[in-house]
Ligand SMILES: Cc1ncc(COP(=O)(O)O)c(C=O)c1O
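Only one chain is given next, in C-alpha coordinates, and it is the form predicted alone.
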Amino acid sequence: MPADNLLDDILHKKLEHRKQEGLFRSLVISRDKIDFASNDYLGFARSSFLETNHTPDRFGATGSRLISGNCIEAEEAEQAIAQFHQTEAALIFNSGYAANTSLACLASKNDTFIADELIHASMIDGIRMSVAAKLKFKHNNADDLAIKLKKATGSKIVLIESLYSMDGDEAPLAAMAEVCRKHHAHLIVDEAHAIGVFGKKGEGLVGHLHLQDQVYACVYTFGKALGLHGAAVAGSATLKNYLINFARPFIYSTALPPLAYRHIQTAYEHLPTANRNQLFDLIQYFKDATTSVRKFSFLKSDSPIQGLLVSGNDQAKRLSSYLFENGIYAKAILSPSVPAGTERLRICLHTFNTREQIDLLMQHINHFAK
(Lines give C-alpha, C1' and ligand atoms only; values in the text may rest on other atoms or scores of the structure.)
Protein backbone atom coordinates (compact mmCIF):
# COMPACT_ATOMS: atom_id res chain seq x y z
CA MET A 1 0.00 0.00 0.00
CA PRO A 2 1.40 3.44 -0.89
CA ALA A 3 2.64 5.43 2.11
CA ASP A 4 0.67 8.46 0.99
CA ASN A 5 -2.71 6.84 0.38
CA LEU A 6 -5.00 9.82 -0.13
CA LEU A 7 -7.92 7.76 -1.36
CA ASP A 8 -7.90 5.58 1.75
CA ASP A 9 -7.92 8.74 3.88
CA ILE A 10 -10.97 10.03 2.01
CA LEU A 11 -12.77 6.68 2.34
CA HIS A 12 -11.92 6.48 6.06
CA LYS A 13 -13.46 9.90 6.69
CA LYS A 14 -16.63 8.89 4.89
CA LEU A 15 -16.85 5.71 6.95
CA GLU A 16 -16.35 7.67 10.16
CA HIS A 17 -19.13 10.04 9.11
CA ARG A 18 -21.40 7.05 8.51
CA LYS A 19 -20.60 5.72 11.98
CA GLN A 20 -21.47 9.10 13.51
CA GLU A 21 -24.82 8.99 11.69
CA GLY A 22 -25.45 5.52 13.10
CA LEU A 23 -25.62 4.01 9.59
CA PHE A 24 -22.41 1.95 9.52
CA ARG A 25 -22.96 -1.52 8.07
CA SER A 26 -21.03 -4.65 9.06
CA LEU A 27 -21.28 -8.37 8.41
CA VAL A 28 -22.46 -10.89 10.99
CA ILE A 29 -22.68 -14.67 11.13
CA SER A 30 -26.10 -15.69 12.43
CA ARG A 31 -26.36 -19.44 11.85
CA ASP A 32 -26.52 -20.24 15.56
CA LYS A 33 -29.43 -17.81 16.10
CA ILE A 34 -33.19 -18.26 15.74
CA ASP A 35 -33.84 -17.02 12.22
CA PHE A 36 -36.37 -14.20 11.95
CA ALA A 37 -34.33 -12.34 9.32
CA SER A 38 -33.77 -14.43 6.21
CA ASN A 39 -36.06 -14.64 3.16
CA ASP A 40 -36.07 -18.46 3.26
CA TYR A 41 -39.85 -18.48 3.79
CA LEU A 42 -40.40 -22.14 2.88
CA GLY A 43 -37.16 -23.47 4.32
CA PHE A 44 -35.97 -24.60 0.88
CA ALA A 45 -32.41 -23.42 1.60
CA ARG A 46 -32.29 -26.06 4.36
CA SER A 47 -33.99 -28.82 2.35
CA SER A 48 -32.29 -32.05 1.35
CA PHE A 49 -34.30 -32.32 -1.88
CA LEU A 50 -32.00 -29.73 -3.44
CA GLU A 51 -29.25 -32.31 -3.28
CA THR A 52 -28.94 -33.98 -6.64
CA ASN A 53 -27.18 -36.93 -8.23
CA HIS A 54 -26.83 -34.96 -11.42
CA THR A 55 -23.18 -34.50 -12.30
CA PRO A 56 -22.62 -31.83 -14.96
CA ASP A 57 -19.78 -32.08 -17.45
CA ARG A 58 -18.27 -28.96 -15.85
CA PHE A 59 -18.65 -27.17 -12.53
CA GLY A 60 -18.00 -23.64 -13.78
CA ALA A 61 -19.85 -21.84 -16.55
CA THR A 62 -16.53 -20.86 -18.26
CA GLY A 63 -18.06 -17.73 -19.77
CA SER A 64 -21.22 -15.75 -20.42
CA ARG A 65 -24.25 -17.50 -21.89
CA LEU A 66 -23.46 -15.88 -25.23
CA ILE A 67 -19.91 -17.29 -25.33
CA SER A 68 -19.46 -20.65 -23.64
CA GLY A 69 -21.77 -20.53 -20.61
CA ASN A 70 -24.98 -21.78 -22.20
CA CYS A 71 -25.95 -25.34 -21.35
CA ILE A 72 -28.85 -27.76 -21.60
CA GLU A 73 -29.48 -27.32 -17.86
CA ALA A 74 -30.08 -23.58 -18.35
CA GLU A 75 -32.46 -24.05 -21.26
CA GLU A 76 -34.42 -26.80 -19.51
CA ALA A 77 -34.79 -24.65 -16.39
CA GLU A 78 -36.02 -21.68 -18.43
CA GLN A 79 -38.58 -23.87 -20.21
CA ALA A 80 -39.80 -25.20 -16.85
CA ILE A 81 -40.11 -21.67 -15.41
CA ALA A 82 -42.05 -20.40 -18.44
CA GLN A 83 -44.42 -23.38 -18.26
CA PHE A 84 -44.91 -22.96 -14.50
CA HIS A 85 -45.80 -19.27 -14.85
CA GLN A 86 -47.79 -19.74 -18.08
CA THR A 87 -45.65 -17.42 -20.18
CA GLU A 88 -44.03 -17.86 -23.58
CA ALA A 89 -40.47 -17.67 -22.30
CA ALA A 90 -38.16 -16.97 -19.40
CA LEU A 91 -34.56 -15.79 -19.16
CA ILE A 92 -32.40 -16.53 -16.12
CA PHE A 93 -30.10 -13.88 -14.66
CA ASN A 94 -27.40 -14.26 -12.02
CA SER A 95 -29.38 -12.31 -9.42
CA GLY A 96 -32.53 -10.31 -8.89
CA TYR A 97 -30.39 -7.19 -9.01
CA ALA A 98 -29.06 -8.14 -12.44
CA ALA A 99 -32.55 -8.90 -13.71
CA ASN A 100 -34.04 -5.63 -12.48
CA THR A 101 -31.20 -3.41 -13.68
CA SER A 102 -31.50 -5.09 -17.08
CA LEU A 103 -34.96 -3.55 -17.48
CA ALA A 104 -33.20 -0.27 -18.30
CA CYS A 105 -32.68 -1.47 -21.86
CA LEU A 106 -36.42 -1.68 -22.57
CA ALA A 107 -36.92 2.08 -22.94
CA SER A 108 -35.40 4.72 -25.23
CA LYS A 109 -35.03 8.45 -24.65
CA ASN A 110 -38.56 9.23 -25.85
CA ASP A 111 -40.13 6.63 -23.51
CA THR A 112 -41.11 6.81 -19.82
CA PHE A 113 -40.62 4.64 -16.77
CA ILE A 114 -43.31 5.14 -14.13
CA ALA A 115 -42.42 3.50 -10.81
CA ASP A 116 -44.03 3.03 -7.43
CA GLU A 117 -42.16 5.25 -4.97
CA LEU A 118 -41.23 2.21 -2.84
CA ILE A 119 -39.86 -0.15 -5.49
CA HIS A 120 -36.67 -2.03 -4.68
CA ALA A 121 -33.28 -0.32 -5.06
CA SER A 122 -32.39 -2.65 -7.93
CA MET A 123 -35.29 -1.34 -10.02
CA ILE A 124 -34.40 2.22 -9.05
CA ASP A 125 -30.82 1.66 -10.22
CA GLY A 126 -32.12 0.13 -13.43
CA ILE A 127 -34.22 3.11 -14.41
CA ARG A 128 -31.40 5.47 -13.39
CA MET A 129 -29.23 3.72 -15.96
CA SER A 130 -31.82 4.35 -18.65
CA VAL A 131 -31.99 7.37 -20.92
CA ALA A 132 -35.79 7.34 -20.68
CA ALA A 133 -37.85 9.82 -18.69
CA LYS A 134 -38.66 8.82 -15.10
CA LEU A 135 -41.79 9.41 -13.04
CA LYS A 136 -42.88 7.95 -9.71
CA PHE A 137 -46.31 7.61 -8.19
CA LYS A 138 -47.59 7.33 -4.62
CA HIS A 139 -47.19 3.89 -3.11
CA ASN A 140 -49.92 1.45 -4.18
CA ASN A 141 -52.05 4.36 -5.43
CA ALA A 142 -53.73 3.48 -8.72
CA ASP A 143 -55.29 6.94 -9.04
CA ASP A 144 -51.91 8.65 -8.81
CA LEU A 145 -50.52 6.14 -11.30
CA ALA A 146 -53.24 7.21 -13.74
CA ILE A 147 -52.29 10.87 -13.27
CA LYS A 148 -48.63 10.13 -13.95
CA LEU A 149 -49.44 8.02 -17.00
CA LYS A 150 -51.23 10.99 -18.54
CA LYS A 151 -47.92 12.91 -18.31
CA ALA A 152 -45.83 10.09 -19.77
CA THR A 153 -44.60 9.98 -23.34
CA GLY A 154 -43.61 7.21 -25.74
CA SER A 155 -43.71 3.65 -24.52
CA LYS A 156 -44.97 3.68 -20.93
CA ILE A 157 -43.42 1.08 -18.63
CA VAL A 158 -44.80 0.75 -15.11
CA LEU A 159 -42.67 -0.90 -12.42
CA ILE A 160 -44.13 -2.28 -9.20
CA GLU A 161 -43.64 -5.10 -6.71
CA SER A 162 -46.42 -7.53 -5.89
CA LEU A 163 -45.32 -7.83 -2.25
CA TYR A 164 -43.16 -5.08 -0.78
CA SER A 165 -40.17 -6.18 1.26
CA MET A 166 -40.20 -3.49 3.95
CA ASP A 167 -43.91 -3.27 4.88
CA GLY A 168 -45.05 -6.70 3.73
CA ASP A 169 -48.01 -5.12 1.93
CA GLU A 170 -49.50 -6.30 -1.35
CA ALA A 171 -49.93 -4.15 -4.43
CA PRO A 172 -53.50 -3.70 -5.74
CA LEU A 173 -52.51 -5.66 -8.82
CA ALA A 174 -55.91 -5.83 -10.50
CA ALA A 175 -56.39 -2.06 -10.19
CA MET A 176 -52.86 -1.38 -11.41
CA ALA A 177 -53.34 -3.68 -14.39
CA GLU A 178 -56.63 -1.99 -15.32
CA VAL A 179 -55.06 1.50 -15.17
CA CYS A 180 -52.21 0.31 -17.37
CA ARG A 181 -54.68 -1.19 -19.86
CA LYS A 182 -56.62 2.07 -20.11
CA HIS A 183 -53.45 4.08 -20.72
CA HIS A 184 -51.76 1.55 -23.03
CA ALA A 185 -48.92 1.05 -20.56
CA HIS A 186 -46.81 -2.04 -19.99
CA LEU A 187 -46.86 -3.39 -16.44
CA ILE A 188 -43.77 -5.16 -15.04
CA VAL A 189 -44.13 -6.82 -11.63
CA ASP A 190 -41.29 -7.85 -9.33
CA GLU A 191 -42.56 -11.00 -7.61
CA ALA A 192 -39.41 -11.54 -5.53
CA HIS A 193 -41.18 -11.95 -2.18
CA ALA A 194 -44.43 -13.46 -3.50
CA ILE A 195 -43.07 -16.40 -5.51
CA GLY A 196 -43.45 -19.57 -3.48
CA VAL A 197 -45.63 -17.90 -0.84
CA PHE A 198 -48.86 -17.01 -2.67
CA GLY A 199 -50.92 -19.10 -5.03
CA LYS A 200 -52.11 -22.69 -4.99
CA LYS A 201 -48.79 -23.82 -6.46
CA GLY A 202 -46.70 -20.97 -5.08
CA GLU A 203 -46.81 -19.19 -8.43
CA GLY A 204 -46.92 -15.70 -6.89
CA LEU A 205 -49.62 -13.05 -6.77
CA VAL A 206 -49.89 -12.40 -10.52
CA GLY A 207 -50.66 -16.05 -11.20
CA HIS A 208 -52.80 -16.37 -8.08
CA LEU A 209 -55.00 -13.53 -9.33
CA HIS A 210 -54.95 -14.84 -12.94
CA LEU A 211 -53.47 -11.62 -14.28
CA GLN A 212 -50.80 -13.15 -16.55
CA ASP A 213 -52.46 -11.79 -19.68
CA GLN A 214 -52.57 -8.26 -18.23
CA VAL A 215 -48.94 -8.10 -17.12
CA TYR A 216 -46.16 -7.55 -19.64
CA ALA A 217 -43.46 -9.31 -17.61
CA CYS A 218 -42.64 -10.59 -14.14
CA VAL A 219 -39.32 -10.89 -12.33
CA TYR A 220 -39.02 -14.03 -10.21
CA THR A 221 -36.13 -14.06 -7.76
CA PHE A 222 -34.74 -17.39 -6.52
CA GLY A 223 -32.99 -16.05 -3.43
CA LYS A 224 -36.13 -15.87 -1.30
CA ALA A 225 -38.64 -18.74 -1.00
CA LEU A 226 -36.74 -20.94 -3.48
CA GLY A 227 -33.68 -20.81 -1.22
CA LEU A 228 -31.21 -20.44 -4.08
CA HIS A 229 -29.57 -17.73 -6.18
CA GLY A 230 -30.47 -16.00 -9.42
CA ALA A 231 -33.67 -14.70 -10.99
CA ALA A 232 -35.73 -14.95 -14.15
CA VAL A 233 -37.63 -12.47 -16.28
CA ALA A 234 -40.75 -14.18 -17.63
CA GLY A 235 -42.71 -12.81 -20.56
CA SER A 236 -42.90 -13.08 -24.32
CA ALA A 237 -40.37 -14.81 -26.55
CA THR A 238 -39.68 -11.41 -28.12
CA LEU A 239 -38.83 -9.95 -24.71
CA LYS A 240 -36.44 -12.83 -24.00
CA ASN A 241 -34.62 -12.39 -27.31
CA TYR A 242 -34.43 -8.64 -26.79
CA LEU A 243 -32.87 -9.05 -23.35
CA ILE A 244 -30.35 -11.54 -24.72
CA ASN A 245 -29.31 -8.90 -27.25
CA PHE A 246 -29.48 -5.70 -25.20
CA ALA A 247 -29.40 -6.44 -21.45
CA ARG A 248 -25.84 -5.64 -20.40
CA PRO A 249 -25.95 -7.47 -17.02
CA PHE A 250 -26.84 -10.63 -18.98
CA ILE A 251 -24.45 -10.13 -21.88
CA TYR A 252 -21.37 -9.30 -19.83
CA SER A 253 -21.76 -11.65 -16.85
CA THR A 254 -20.32 -15.11 -16.53
CA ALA A 255 -23.27 -17.49 -16.41
CA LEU A 256 -24.37 -19.48 -13.40
CA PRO A 257 -22.75 -22.94 -13.15
CA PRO A 258 -24.77 -25.80 -14.72
CA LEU A 259 -25.60 -27.34 -11.34
CA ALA A 260 -27.27 -24.08 -10.25
CA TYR A 261 -29.78 -24.36 -13.10
CA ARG A 262 -30.56 -27.94 -12.08
CA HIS A 263 -31.19 -26.76 -8.50
CA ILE A 264 -33.52 -24.02 -9.78
CA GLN A 265 -35.55 -26.53 -11.77
CA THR A 266 -35.71 -28.89 -8.77
CA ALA A 267 -36.93 -26.10 -6.49
CA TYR A 268 -39.70 -25.25 -8.97
CA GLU A 269 -40.75 -28.91 -9.04
CA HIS A 270 -41.22 -28.79 -5.24
CA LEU A 271 -43.09 -25.47 -5.07
CA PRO A 272 -46.59 -26.98 -5.56
CA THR A 273 -46.18 -29.30 -2.56
CA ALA A 274 -44.59 -26.79 -0.17
CA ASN A 275 -46.41 -26.40 3.13
CA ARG A 276 -47.85 -22.93 2.68
CA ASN A 277 -50.72 -23.70 5.08
CA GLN A 278 -48.19 -24.16 7.87
CA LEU A 279 -46.60 -20.84 6.98
CA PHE A 280 -49.88 -18.93 7.05
CA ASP A 281 -50.93 -20.62 10.29
CA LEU A 282 -47.69 -19.35 11.81
CA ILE A 283 -48.32 -15.85 10.41
CA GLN A 284 -51.71 -15.78 12.12
CA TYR A 285 -50.19 -17.01 15.38
CA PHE A 286 -47.59 -14.25 15.16
CA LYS A 287 -50.26 -11.59 14.58
CA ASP A 288 -52.25 -12.85 17.56
CA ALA A 289 -49.09 -12.85 19.70
CA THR A 290 -48.35 -9.19 18.91
CA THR A 291 -51.20 -8.16 21.21
CA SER A 292 -48.91 -9.01 24.13
CA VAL A 293 -46.53 -6.21 23.14
CA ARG A 294 -47.59 -2.90 24.65
CA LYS A 295 -44.94 -0.29 23.95
CA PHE A 296 -44.36 -0.86 20.24
CA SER A 297 -46.77 -1.17 17.32
CA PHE A 298 -46.68 -3.60 14.40
CA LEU A 299 -47.31 -3.00 10.74
CA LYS A 300 -50.41 -4.63 9.27
CA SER A 301 -49.34 -7.50 7.04
CA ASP A 302 -50.77 -10.86 6.01
CA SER A 303 -47.44 -11.99 4.58
CA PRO A 304 -44.33 -13.59 6.09
CA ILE A 305 -42.86 -10.08 6.31
CA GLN A 306 -43.82 -8.41 9.58
CA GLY A 307 -42.59 -5.11 10.99
CA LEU A 308 -42.21 -3.84 14.55
CA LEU A 309 -42.07 -0.03 14.45
CA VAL A 310 -39.27 1.35 16.64
CA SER A 311 -38.87 5.09 16.21
CA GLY A 312 -35.27 6.13 15.73
CA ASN A 313 -32.24 4.39 14.27
CA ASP A 314 -30.47 4.06 17.62
CA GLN A 315 -33.37 2.31 19.34
CA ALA A 316 -33.96 -0.01 16.37
CA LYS A 317 -30.28 -1.01 16.38
CA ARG A 318 -30.29 -1.50 20.16
CA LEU A 319 -33.31 -3.78 19.99
CA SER A 320 -31.79 -5.84 17.19
CA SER A 321 -28.52 -6.15 19.12
CA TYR A 322 -30.36 -7.11 22.31
CA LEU A 323 -32.22 -9.90 20.52
CA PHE A 324 -29.01 -11.09 18.83
CA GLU A 325 -27.31 -11.35 22.23
CA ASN A 326 -30.25 -13.50 23.34
CA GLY A 327 -30.06 -15.87 20.40
CA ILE A 328 -32.56 -14.25 18.03
CA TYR A 329 -31.69 -12.66 14.68
CA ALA A 330 -34.12 -10.01 13.42
CA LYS A 331 -32.79 -7.18 11.29
CA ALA A 332 -33.15 -3.49 12.12
CA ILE A 333 -34.23 -1.40 9.12
CA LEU A 334 -33.05 2.19 9.43
CA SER A 335 -33.83 5.51 7.81
CA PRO A 336 -33.24 6.57 5.09
CA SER A 337 -33.96 3.01 3.83
CA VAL A 338 -37.40 3.66 5.36
CA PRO A 339 -38.84 7.12 6.15
CA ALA A 340 -37.61 8.75 9.36
CA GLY A 341 -39.94 7.88 12.21
CA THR A 342 -40.82 4.47 10.72
CA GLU A 343 -37.59 2.69 11.63
CA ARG A 344 -38.35 -0.91 12.43
CA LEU A 345 -37.41 -4.41 13.25
CA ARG A 346 -38.10 -6.49 10.14
CA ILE A 347 -39.32 -9.92 11.22
CA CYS A 348 -39.52 -12.68 8.61
CA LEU A 349 -41.46 -15.86 9.32
CA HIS A 350 -40.64 -19.30 7.94
CA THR A 351 -42.10 -22.78 7.91
CA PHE A 352 -39.27 -23.91 10.20
CA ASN A 353 -40.06 -21.36 12.92
CA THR A 354 -42.13 -22.54 15.87
CA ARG A 355 -44.78 -21.00 18.08
CA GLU A 356 -42.37 -21.33 20.99
CA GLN A 357 -39.83 -19.22 19.11
CA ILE A 358 -42.46 -16.55 18.46
CA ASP A 359 -43.40 -16.55 22.15
CA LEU A 360 -39.72 -16.15 23.05
CA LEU A 361 -39.38 -13.27 20.59
CA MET A 362 -42.34 -11.44 22.15
CA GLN A 363 -40.98 -12.01 25.66
CA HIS A 364 -37.63 -10.47 24.75
CA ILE A 365 -39.30 -7.51 23.00
CA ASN A 366 -41.35 -6.81 26.12
CA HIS A 367 -38.30 -7.18 28.32
CA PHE A 368 -36.40 -4.68 26.14
CA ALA A 369 -39.35 -2.27 26.33
CA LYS A 370 -39.20 -2.29 30.13
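One rule holds for the numbers: they count along the sequence shown, beginning at 1. Because the structure is a prediction, the values reported are computed rather than measured.
Form predicted together with the ligand: not shown, discussed below.
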Exercise for the section: Scan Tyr97, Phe280, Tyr216, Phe298 and let me know which has any heavy atom within 4.5 Å of the ligand in the predicted complex. Expected result: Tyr97
Exercise for the section: Scan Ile188, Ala234, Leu103, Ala192 and let me know which has any heavy atom within 4.5 Å of the ligand in the predicted complex. Expected result: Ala192
Exercise for the section: Considering the ligand in the predicted complex, find the one stretch among 143-151, 81-89, 223-231, 287-295 with heavy atoms no farther than 4.5 Å from it. Expected result: 223-231
Problem - the ligand in the predicted complex reached by all of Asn313, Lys317 and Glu343, non-hydrogen atom within 4.5 Å - result: no
Exercise for the section: Verify the contact flag for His120: yes if a non-hydrogen atom of it lies within 4.5 Å of a non-hydrogen atom of the ligand in the predicted complex, no if not. Expected result: yes
Exercise for the section: Classify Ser165 as contacting or not contacting the ligand in the predicted complex by the rule of any non-hydrogen atom within 4.5 angstroms, answering yes or no. Expected result: yes
Exercise for the section: Spell out, yes or no, whether the shortest heavy atom distance between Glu203 and the ligand in the predicted complex is within 4.5 Å. Expected result: no
Practice task
State yes or no: in the predicted complex, is some non-hydrogen atom of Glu161 no more than 4.5 angstroms from a non-hydrogen atom of the ligand?
Solution key: yes
